[in-house]
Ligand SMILES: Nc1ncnc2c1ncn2[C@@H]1O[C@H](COP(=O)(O)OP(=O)(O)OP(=O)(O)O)[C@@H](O)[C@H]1O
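Next up: a single chain in structure tokens, the form predicted on its own.
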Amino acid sequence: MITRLAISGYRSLRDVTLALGRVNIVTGANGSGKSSLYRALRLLSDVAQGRVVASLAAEGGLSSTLWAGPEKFSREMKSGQHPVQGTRRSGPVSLKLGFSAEDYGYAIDLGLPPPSSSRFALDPVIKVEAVWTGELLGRANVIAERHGAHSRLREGKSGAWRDCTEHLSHFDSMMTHRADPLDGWELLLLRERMRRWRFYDHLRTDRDAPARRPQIGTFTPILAADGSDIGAALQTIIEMGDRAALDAAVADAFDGATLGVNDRFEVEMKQHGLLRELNVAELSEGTLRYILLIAALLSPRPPELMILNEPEASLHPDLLGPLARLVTKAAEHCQIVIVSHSSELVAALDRHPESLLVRLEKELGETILPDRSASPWKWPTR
């Protein structure tokens, strides 16, 4: 389970470090930084997929994603005595992302490229990476590090450093190019964990949604990000997952209804009082969205970390209580981060004994956590 998350220089997140628990509820007003925190987690996952540079490019490039305010706020700026203005920089321009668990931690520092005539001269450059044991980075617990093109790994038994002869390209992460079952097995373990993080923020429920069409069904222990294989995912839960939890979640939300999957892998719902099942094409957007959330949260192959962005969208308020109970059930098997606008859902989830409420606010354009003290954290130096 991730215990600490650190973000520096990304959009409104000038310098944020927070502790995480089993169930994490991120909330706040529009523009407070919820989406930025969600996207920062996606960028960390993209590092393990080898596409963090491409993802930043899709967001408009490093210059568009960097913190746009001053490097630091003076006391006079915060009090309004002096206008907010830039000062002489004491450190390099950088975007830093990191996390740690009880066993390992990882951090990456991306910066601006040197002047060049290349058509790719705006691509961000990976300046520094580090992997360490334990929750906090220290001088003695680093097991892999990268500075520029040079990287080195700590030998297992001797603890001596071994320099990697092959230099890394500025866009290649140590996590993808130094992970090895023999020499870099800790990197390999951490990389595979990050690759298994699961994100759901675009579960389509419109009239033309893939979830409303017949599908070719195969065993599907993990629901697709857009929900296109919902029929196969539900049938997999029925045959090899927690069928009782599925039935209970449906009955809890829809007054004793049951779900089935027909031969064309279309979802069907049987409701009390009706003489036939309702086909997925007949279900409302809210009903279909809730069914998609059931399939995601009751996955027979739960990830170590699941992130849901505004799961309450399109849901009637009566479904928020059952959704909170569904999330609580899923949290028995994985860590969950939920980004939500709904005060009802936030209140229901906050009652979970292992939940942590992360309330975000804006101050001078910067995302702050007024109710939480910053967790200890140390970044690797360039």
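A residue's number is simply how far along the shown sequence it sits, counting from 1. Quick caveat: nothing in here was measured; it's all calculated off a predicted structure.
Another form exists, predicted in complex with this ligand; not displayed. Remarks below refer to it.
Residue contact check: K34 to this ligand in the predicted complex, 4.5 Å heavy atom: Because a heavy atom of K34 falls inside 4.5 Å of this ligand in the predicted complex, the answer is yes.
This ligand contact in the predicted complex: T65, any heavy atom under 4.5 Å: Yes.
Distance check, D123 to this ligand in the predicted complex, heavy atom within 4.5 Å: Output for D123 is no: heavy atoms all beyond 4.5 Å of this ligand.
Touches this ligand in the predicted complex: S12 (any heavy atom, 4.5 Å): S12 belongs to the contact set for this ligand.
Region of this chain that lies against this ligand in the predicted complex, out of 65-73, 44-52, 315-323, 349-357 [heavy atom, 4.5 Å]: Of the stretches listed, the one contacting the partner is 65-73.
Heavy atom within 4.5 Å of this ligand in the predicted complex - the one residue of E277, D229, E310, E135 that qualifies: It is E310.
H150, L168 and R382 each touching this ligand in the predicted complex (heavy atom, 4.5 Å): Contact check failed for every one of H150, L168 and R382.
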